[in-house]
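Given next, in structure tokens, is a single chain: the form predicted on its own.
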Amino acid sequence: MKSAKLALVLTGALVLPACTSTKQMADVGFTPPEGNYRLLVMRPDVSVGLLTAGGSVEPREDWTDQARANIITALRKQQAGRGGAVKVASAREEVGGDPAMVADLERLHKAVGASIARHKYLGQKLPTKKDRFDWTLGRQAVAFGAASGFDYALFLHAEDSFSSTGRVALQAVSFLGCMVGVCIMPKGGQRSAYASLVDLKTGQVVWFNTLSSTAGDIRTPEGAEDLVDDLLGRMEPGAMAKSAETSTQKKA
């Protein structure tokens, strides 16, 4: 009887709709690149892990490598339909130029991107940037643009986790507790990502988008395509991007 109830609970959890939400921000004067622009898509920064029963995430190199490869394939497919001269790098060595400069730029963007996510999306507003979208990678990005010849650099960061068997069992037990009035439901695997477009003539981050989701699997080609489409598929100009927040429900 107990095993039958557990099976029902797990089945129910599998069919519950999951939500994906995105929210764009941009420089007021930003318009999506068009014409003869040159865009470099940097090697995606990806991390995928196993969510344990205790709630910690154990990184999995095989899952991470598979997810990154799928995202790169999805980026190439998506950017091919946008025009311009686009190069999608699958390794730092493919970017060209000084490897040390590229590594520094990647680290700089990771710090700036995390700062944007924290101060523009999580309520920790900075007084000097309260009503402005004003972030930059500075002279380092300008120097990279001059050396590489690209007009823009697109960065993508994604983190994903998947519940272990122990975590799923814990959720099932917690769900049964909810049925009798004691409801403390532990979270399952979740996905978060952000992308930013940097103007390499000024160093400014001119467009930024975040994504949070409980749906899909970026270890599969289809899941990676969904992530890229949700994050980059509808790049809005500055005046519209500030209010461009979308949320969709998908079956998990």
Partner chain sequence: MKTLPILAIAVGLGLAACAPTYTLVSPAPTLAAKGAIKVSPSLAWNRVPKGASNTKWEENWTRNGPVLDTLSFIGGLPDGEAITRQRRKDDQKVPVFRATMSPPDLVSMIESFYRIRAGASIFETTVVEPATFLGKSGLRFDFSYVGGDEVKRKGSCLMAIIDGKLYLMALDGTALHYFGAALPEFEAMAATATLG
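Numbering follows the first chain given and starts at 1. Since the model is a prediction, treat every value here as computed from it, not as a measurement.
The following text describes the form predicted in complex with its partner chain, which does not appear among the structures shown.
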My question is simply whether Val112 lines the interface with its partner chain in the predicted bound form - judged by any non-hydrogen atom within 4.5 Å.
yes
Decide whether Lys129 counts as a contact residue for its partner chain in the predicted bound form under a heavy atom distance cut-off of 4.5 Å.
yes
Do Ser212 and its partner chain come within 4.5 Å of each other in the predicted bound form, heavy atoms counted?
yes
Is Gly123 one of the residues lying within 4.5 Å of its partner chain in the predicted bound form, judged by heavy atom distances?
yes
Within 4.5 Å of its partner chain in the predicted bound form, do we find a heavy atom from each of His119, Trp135 and Asp160?
yes
Which is the contacting stretch out of 66 to 74, 25 to 33, 40 to 48, 218 to 226, given heavy atoms within 4.5 Å of its partner chain in the predicted bound form?
40 to 48
Answer with one of Leu156, Val86, Leu105, Val95: the residue that has a non-hydrogen atom within 4.5 Å of its partner chain in the predicted bound form.
Leu105
